[in-house]
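Shown below, as structure tokens, is a lone chain in the form predicted on its own; questions about how it binds or moves come after it.
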């Protein structure tokens, strides 16, 4: 009997080993709780949604063997230090095959050092700071456009508005993403011949903008450009209203594309400009979802809220791994890394092809909230719809 039990245990162990070998596990640490959880959910849900769809379509084939994808996800509680420790855990204890990224540049900046140290690729769609990709790392790849170029399409559009804004105020938070945006925008303002009347940095998670708004009322810029996170942007607009700050135009790096932004502000969300590298479109053909529009409708049905570019980017990150693993015909991290660097394919998110630095080139479309809806206004082809400009004073709305 003892010999029989040992045999059964050995068989079960072998079975477990075989099951493990039939699975390719992607590991990620994201913000499921804490102040960044509202955006972190896009990554958790986007990763899971893509993995389920890819597995429905048969998974991944490597050297003639079929694999299913699995996701090992940890909650970093919006804590950068915990996120770094969790990525080490994912590689050294959980033994995941490859890494997906967290949300936000500060996190991606720190976490990508873990990928580089262990020489396991990380594909991330949550960090856009140029700093992430300026260190010569070989194992980090990003599917958000460069932070330094976020306001480029907005500034292009401003030159074609009538009357065109002549003066600009730039406000930005002090985290890696927003500092990168400010650095690039500062150069763009100069290149487009605009006058910078204010260039002000503030602490991330600031809730009181009253001093900055008083300064803006004194400098009276035609346009206000704000690079910050969604909660900061909501507070800025609420306090701009209460302090009766009016400019011809204001634009924000994040928040404007989301339903949460419009829900939080109601009618006060109108006239806000923003930008997005992705809008649901039938033109973005995709092997697994058909196209970007199908992805968006299926995602909303599955999770009860509409995806924005964060979710689309997350799904594209998973697809990029499938393409690279298939091309490598191997699970060796270095071979897969080399194939990621060569990727060039169409996805629900647009064309995925990384530069030599590991970042993607995707143009930003200027959007504006009009009558409670997000309206595409301008891209590199020109105007897509009429901008509501200049913005009326708060007591005229």
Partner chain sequence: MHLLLQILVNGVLLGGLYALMALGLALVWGVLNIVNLAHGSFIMLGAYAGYYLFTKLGVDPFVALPISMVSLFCVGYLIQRNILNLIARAPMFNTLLITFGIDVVLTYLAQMIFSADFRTTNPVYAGDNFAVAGITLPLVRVLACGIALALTIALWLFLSRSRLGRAIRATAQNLGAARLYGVEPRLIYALTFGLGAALAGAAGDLYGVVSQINPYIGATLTGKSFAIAIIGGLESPLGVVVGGMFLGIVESLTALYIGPTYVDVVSFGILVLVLIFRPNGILGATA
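Residue numbers count along the first chain shown, from 1. Here the structure is a predicted model, which means the values were calculated and not measured.
As for the form predicted in complex with the partner chain, it is not shown, yet the points below apply to it.
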(request) Please state whether every one of the three residues 68, 119 and 300 places a non-hydrogen atom within 4.5 angstroms of the partner chain in the predicted complex. (result) no
(message) Looking at 138-146, 263-271, 279-287, 188-196, which stretch has residues with any non-hydrogen atom within 4.5 Å of the partner chain in the predicted complex?
(response) 263-271
(message) in the predicted complex, does residue 62 come within 4.5 Å of the partner chain, counting heavy atoms only?
(response) no
(request) Mark residue 32 yes when one of its heavy atoms lies within 4.5 Å of a heavy atom of the partner chain in the predicted complex, and no otherwise. (result) yes
(message) So, residue 72 and the partner chain: in the predicted complex, are they within 4.5 Å at any heavy atom pair?
(response) no
(request) Give a yes/no on whether residue 328 approaches the partner chain to within 4.5 Å in the predicted complex, heavy atoms considered. (result) no
(message) If the cut-off is 4.5 angstroms on heavy atoms, which of these, 200, 294, 89, 131, is the one near the partner chain in the predicted complex?
(response) 200
(message) Heavy atom within 4.5 Å of the partner chain in the predicted complex: which residues of 230-265 meet that condition, in order?
(response) 230, 231, 234, 235, 238, 239, 241, 242, 243, 244, 260, 263, 264, 265
